[in-house]
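Form predicted alone, single chain, as structure tokens, below.
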């Protein structure tokens, strides 16, 4: 999923940076208002955990990689704005100190993993829990949202690569390769996301500040 420097032409880099900048502005404005003091340690813990998880990746096409994202669980526990900030921190550190991903492609990587990989799982989760409000629906929504977030983030990465004049493979090949590999990873992401939520619902429901969790806690 990490796209290195030199894989996207400047037009695509500029477009993805512009999209990410819009969400960065929203994220830093909203997260400061919504995060509580006791949630910040959880955000730091999840960021560190998925920083390590993303380092365990494997190459798939032309130098890009496949791996767990981690965005869905941060989005569903602390909100999508905190999730995007968490993904940005991870991607920036990886690019600067570990050569995993690039600086010119940071906008694209943040767009894929910090926007698509965070806001899509959140939107799917909210939709499912509005249709049915129960503990089971929360876990199903978390699983489906995480799975779709992973696959769609990979599809966007494939589109960006395939549309670049620099990348040697056409968009259909890049999209298919990225999507197929991350459909398997998406299953694992969904299991991890649902598992963490289940654990927090049992042990620390006070850390879950989304409206769905508050309503469920009251009803149970």
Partner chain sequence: MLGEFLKAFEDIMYLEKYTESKGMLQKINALIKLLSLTAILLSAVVSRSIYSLFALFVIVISLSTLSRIPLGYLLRRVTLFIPVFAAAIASPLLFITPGSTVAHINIGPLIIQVTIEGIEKASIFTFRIWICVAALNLLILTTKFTQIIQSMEELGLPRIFINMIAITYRFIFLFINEAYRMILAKQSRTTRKESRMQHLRFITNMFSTLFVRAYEKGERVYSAMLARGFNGATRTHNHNKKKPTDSLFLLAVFSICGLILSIEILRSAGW
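Positions refer to the first chain, counted from 1. Between two forms, the rigid core is the largest collection of C-alphas that superpose within 1.5 Å. Note that the coordinates shown come from a computational prediction; the quantities given were computed from them, not determined experimentally.
Absent from the display: the form predicted together with the partner chain. The rest refers to it.
This chain lacks the partner; the member of 171, 180, 26, 48 within 4.5 angstroms of the partner chain in the model of the complex by a non-hydrogen atom is 48. Among the residues 145, 101, 107, 79, the one placing a heavy atom within 4.5 Å of the partner chain in the model of the complex is 101. In the model of the complex, the partner chain lies within 4.5 Å of some heavy atom of residue 167. Residue contact check for residue 68: one or more of its heavy atoms lie within 4.5 Å of the partner chain in the model of the complex. Heavy atoms of residue 152 never reach within 4.5 Å of the partner chain in the model of the complex, leaving it off the interface. At a distance threshold of 4.5 angstroms between non-hydrogen atoms, residue 129 is out of contact with the partner chain in the model of the complex.
By the 4.5 Å heavy atom rule, the three marked residues 15, 119 and 137 all fail to count as contacting the partner chain in the model of the complex. Residues of 89-103 lying near the partner chain in the model of the complex, listed in sequence order, are 89, 92, 93, 95, 96, 97, 98, 99, 101, 102, 103, the criterion being any heavy atom within 4.5 Å.
Positional change of residue 166 between the shown form and the other one stays under 2 Å at the C-alpha, relative to the superposed core.
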